[in-house]
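Just one chain is shown here, as structure tokens, and it is the form predicted on its own.
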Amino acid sequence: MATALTDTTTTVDLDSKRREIVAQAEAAGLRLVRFLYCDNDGIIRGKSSGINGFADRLNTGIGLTLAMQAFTMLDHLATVDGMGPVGEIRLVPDPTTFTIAPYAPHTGTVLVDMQTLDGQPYAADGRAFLKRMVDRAAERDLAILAAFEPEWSLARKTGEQFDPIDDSGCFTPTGMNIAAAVIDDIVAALQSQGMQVEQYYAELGWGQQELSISPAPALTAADRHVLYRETVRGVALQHGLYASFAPKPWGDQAGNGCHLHFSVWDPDYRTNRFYQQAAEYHLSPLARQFMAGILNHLPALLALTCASVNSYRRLQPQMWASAYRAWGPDNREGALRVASPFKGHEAESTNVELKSSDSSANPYLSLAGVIAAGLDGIERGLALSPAVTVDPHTLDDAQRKKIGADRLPASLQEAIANLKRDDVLLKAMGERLATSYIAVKELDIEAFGQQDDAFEFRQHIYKY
């Protein structure tokens, strides 16, 4: 539940914050600070500043070649005009995101905005895209509260082989006990960085974990997901383990989703605009329009939320991963699930979960795309399709067609083709971001199409 939340990036004196974190870094004996960003292929990358130059680089940033936003997860360079060997941008830290990394000695981390040499937002920066969508919502006196809810798998590596740490069952104490030592350190590491753990359990797949943190304003939620991924992977390595957020790390095991929970509030986060006490499922007209916008754009939006070739092995019928464009109350086979509110806290806890989402996505792009689609639903006053209270796969084609519960894209190639035809999402992204993003994904599709399944699984299991 969230009341009186504020997005610190809009309320903090940044000069004062810069001085504060320089003092904090020096007092902690840091030697390096990592300047981190998430690229167009969902890979977390960055450069590090030595502590001696850290104060200056908080203002000037660190240089980055323009080519990096055309890099794929395989470190191939997509052909994008203006993203070659000539030209540079700056990785300029957002000082409100600074934290000491509990998984790397004498190291801090800070998330960055990409800026041009004259200090303007770089048009191919996903974080800038999310900021624009947050501002667009604010123009309607709306604020987005969100939480990424990731699943991930713990594995041991022997030679070139990654194997799950256990073969325990879903929600079993055995699974939790086997992972207890690393989970304990992960929880401590997250909390030391201001991320409060809400739930944890061993999930269905072998070695699979789910650990959720509290919701936050949209930009903070996306920032935290980047730091969460880095923390889980870093702590796991301290235990000699690999943590994989890949959508489908092994073909015979359950996939890893990253369900995206969201709700829309008034600007001071005191009133949940999704909630209406007397309405069906407590969903306000605004909530229904927002959901209708997401469902309307979902065939294209999937290119941002399920963003890898590997994602579509997970998005299959009757795998609880949402293979159909449908919604329903606590329907885990629908793309949108209206989550059961907490008794006595219905107004605060009413929210919607996008199940068609995983951690191969850049969280800034995926959440920004969701906001753009939802706002389009509000602006056009779209009507929400009927709720589906059964597994949509059990309906026949005529029944699904009647309620618009058609099959979602079965491949990244299909989703990208839909994105190229979706003028609302393309306009929201902007030409430079959309062009570079699509080029990166099309090069991925080509590269993996030339390889076998084993290559795909191996590349994804340790890249995400």
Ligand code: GLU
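For clarity, every value in this text was computed on a predicted model and none was experimentally measured. A residue's number is simply how far along the shown sequence it sits, counting from 1.
This protein has a second form, the form predicted together with this ligand, left out of what is shown; the following refers to that one.
Using a 4.5 Å cutoff between non-hydrogen atoms, H297 does not count as a contact of this ligand in the predicted bound form.
Although the partner is absent here, E151 sits close enough that one of its heavy atoms falls within 4.5 Å of this ligand in the predicted bound form. For W320, a non-hydrogen atom is located within 4.5 Å of this ligand in the predicted bound form, even though that partner is not displayed. Using a 4.5 angstroms limit between non-hydrogen atoms, G374 is distant from this ligand in the predicted bound form. Contact with this ligand in the predicted bound form, defined as a heavy atom within 4.5 Å, holds for exactly one of D391, E203, E348, D94, namely E203.
Checked against this ligand in the predicted bound form, the residues R332, R140, R270, H106 give one hit for a heavy atom within 4.5 Å, which is R332. Note on the interface: of 231-239, 76-84, 380-388, 256-264, the segment with non-hydrogen atoms within 4.5 angstroms of this ligand in the predicted bound form is 256-264. The candidate site formed by Q208, R314 and K355 is fully in contact with this ligand in the predicted bound form, as each residue has a non-hydrogen atom within 4.5 angstroms of it.
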